[in-house]
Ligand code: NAP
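Below you will find one chain, with nothing else, as structure tokens; this is the form predicted alone, and questions on how it binds or moves follow later.
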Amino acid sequence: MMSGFMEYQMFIDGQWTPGLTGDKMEVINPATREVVATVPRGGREDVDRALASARASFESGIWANKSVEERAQVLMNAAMLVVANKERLAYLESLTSGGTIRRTTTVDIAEVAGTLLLTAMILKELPQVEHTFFSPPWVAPMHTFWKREPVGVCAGITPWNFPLILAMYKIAPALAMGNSIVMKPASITPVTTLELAKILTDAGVPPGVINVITGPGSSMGNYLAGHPEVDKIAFTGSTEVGRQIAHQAADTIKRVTLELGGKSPIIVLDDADMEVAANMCLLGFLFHSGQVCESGTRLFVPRRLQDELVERMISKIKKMVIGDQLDMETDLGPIASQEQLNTIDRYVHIGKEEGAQLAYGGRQLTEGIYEKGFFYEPTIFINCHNQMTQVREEIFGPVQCVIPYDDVEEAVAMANDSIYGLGGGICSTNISRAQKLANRLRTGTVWINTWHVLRPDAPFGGYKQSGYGRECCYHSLLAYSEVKHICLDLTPDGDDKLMNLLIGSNR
């Protein structure tokens, strides 16, 4: 396994370059608090030069003017390079984000490579030019068609939970449609996004088309979101910050994609297989130690089944291995930062104060192997109600709130009673019944008898305050393109042109 201290620079105009401020930020291993890397602490001047590089590359046409086949081939080259570098990428992703190495070597790398490959395939199938099929008799002979063109200079701002995957959800469609892009990864997990930029350049992306800057989101991210040189911004993060991004983007009418927070409901029906339900519910709120935007953290269960289901879940939790994320035997790794650990603990205390009954967990792990890291015990509250603070607000940690219900109509009403609408799920042995219920959930994704299945060939995004726009599949390519309508009048005689007759200019 790779180890050792790493020093990174920003990636601008196809080259590694130091930040203009000269300041550095430390990147740590959240399991040990050991500093494993440094990156530049950038400022506004770094944003300006990254955007200048992106703008110059876009206006030159060095990438935008390449054919669909050429761009698709570069994306496929990049996918192969991601696979060739999978051990290093997976290691760095686990080391800095706290994700288990078992997950990053399988799910994360496959998702990143798969997104590149599928984006290339969709690009080659997506009509770049479309012609009208309707010519009413009262319209003069015309040739009307429309074509897809790149938006221009794009910006992507990503969070710390899945740096590789969420960066590629923005980079792949932006590049596919001929745009240039500036990425600003989260301050605590910038390393793998920097690595991706080098891989894409090695795959054939020209200098300046992809740039990665590092620094605080509060300064650099806000400046990037409002910058007049940015034509489109894609942001993944909290709903609170998403609101700020939307306001900043409005001043220059930027195209915006927002993938924001969630408080996703799981509805266990009375006909559910309890073993399937227990596994689904644990996956829903413990994957990546609960640090997932669409985590299933509101569990609605028939009142008579609450104790049985929770007992099964607790029995399984007790067998899970919590510890070093770089160990293949580890099931749950550390929380990503001290700040997030504090947030989780605060919400757990709020839950206790508001009367939720603690069935399991509820404490930070601090002894032995956990002494130096950010570890929190899986936590289950039972007998909650839908108005409790820890039920309404996103915690972003391994905390499950169990809410008993008496009939399905009540469960659906409570599930939809949220400002969020990112994910949702139903557990049932009656698939027809589950599918009908899925249509009633106001969420962007609904899982039945599983959870967290995000596919590059299926759209992902939220309803309500979980954001707008979709990432993945052809929906993402449409979001990174403009549509230009071109209308050619074929009337040979200028005096006979219909539009001239309307204003009398043919007299």
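Computed from a predicted model, the values in this text were never measured in an experiment. Numbering starts at 1 and runs along the sequence shown.
The form predicted together with this ligand exists for this protein as well; it is not shown, and the discussion that follows is about that form.
*Asks:* Does residue 195 make contact with this ligand in the predicted bound form, using a 4.5 Å heavy atom cut-off?
*Replies:* No, no contact at 4.5 Å.
*Asks:* Heavy atom to heavy atom, is residue 160 within 4.5 Å of this ligand in the predicted bound form?
*Replies:* Because a heavy atom of residue 160 falls inside 4.5 Å of this ligand in the predicted bound form, the answer is yes.
*Asks:* Should residue 184 be counted as a contact of this ligand in the predicted bound form, where contact means heavy atoms within 4.5 Å?
*Replies:* Residue-level check for residue 184: yes, a contact with this ligand.
*Asks:* Given that the partner is absent here, does residue 404 sit within 4.5 Å of this ligand in the predicted bound form, heavy atoms only?
*Replies:* Looking in the predicted bound form, residue contacts with this ligand do not include residue 404, since no heavy atom lies within 4.5 Å.
*Asks:* Work out which of the listed stretches, 201-209, 241-249, 409-417, 117-125, brings a heavy atom within 4.5 angstroms of this ligand in the predicted bound form.
*Replies:* Among the listed stretches, the partner-contacting one is 241-249.
*Asks:* Sort through 342, 218, 357, 389 and report the residue having a heavy atom within 4.5 Å of this ligand in the predicted bound form.
*Replies:* That would be 218.
*Asks:* Pick from 379, 236, 96, 179: which has a non-hydrogen atom within 4.5 Å of this ligand in the predicted bound form?
*Replies:* That would be 236.
*Asks:* Counting only heavy atoms, which residues in 248-275 are within 4.5 Å of this ligand in the predicted bound form?
*Replies:* 259, 260, 261, in sequence order.
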